[in-house]
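Only one chain is shown below, in structure tokens, and it's the form predicted alone.
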């Protein structure tokens, strides 16, 4: 099933589980798939920034992709194919689609600065991978340092019919969502799906601004899915109450440099993965940091019993 602009709900960004000696942990991949499906995932994204994609060999990237596609069945799997060169991007994009991926995600390289450079890059990228592959724009200026205005995003969407989704990770970015939905309402941009990242840190209000769901890797995907569901059902206070209970841990997880270490540690404690190891080079939590995360989990359990699992 190919990705289209109707995509919504919960698309977790999957981490790549490794054994302590740096090998891919296939057993934990299967556990991740099962836990994401149990959490109500409507799709999944693999080989994202937090998936340690640059540390993988091409064959490893494709093997991980194939395992998620098999595990998710008819649900869509989006594959991050961002690469320094377009040849590598084309190889992974075409290979992933041949395996049954629903679409690919493309992030702009950090060197881009002007609007023309950004729109030109996406034209070249789509020419390289093929206009028959649905793609997602990854807008993550905090890490990628590329600033995409709503007008630039609109231009990319209008110039490339295969663009069906925006992964929105600007910060602050609520007004960007409002501007894009206004473009759609006035008819100057065709509809696209908007899923949001940033560890879920602004999901409560992003949904109210017009987002279709979450595409991020916070260690409690169940909460992300519940907030999306509650907001769509108009149960605003319930959505915010649940979100507020998780906010201290979400904030802790968003620290630059250690965020993935926090996320993997919590997912290990919750049984999603067997080890919190990262492939080198990678960060690790100190004993003090682990104790702080344990404290936050204990406090969270007072409001959400799933923190005990």
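Residue numbers count along the first chain shown, from 1. The shown structure was predicted, so the numbers you read here are calculated from the model rather than taken from an experiment.
As for the form predicted together with another copy of the chain, it is not shown, yet the points below apply to it.
- For the three marked residues, 84, 113 and 248, a heavy atom of each sits within 4.5 Å of another copy of the chain in the predicted complex.
- The stretch in contact with another copy of the chain in the predicted complex, judged by heavy atoms within 4.5 Å, is 48-56, chosen from 61-69, 261-269, 33-41, 48-56.
- In the predicted complex, another copy of the chain sits beyond 4.5 Å of every heavy atom of residue 186.
- In the predicted complex, at least one heavy atom of residue 209 sits within 4.5 Å of another copy of the chain.
- None of the heavy atoms of residue 19 is located within 4.5 Å of another copy of the chain in the predicted complex.
- By the criterion of a heavy atom within 4.5 Å, residue 226 is excluded from the residues contacting another copy of the chain in the predicted complex.
- If you take 1-27 and check each residue for a heavy atom within 4.5 Å of another copy of the chain in the predicted complex, you get nothing at all.
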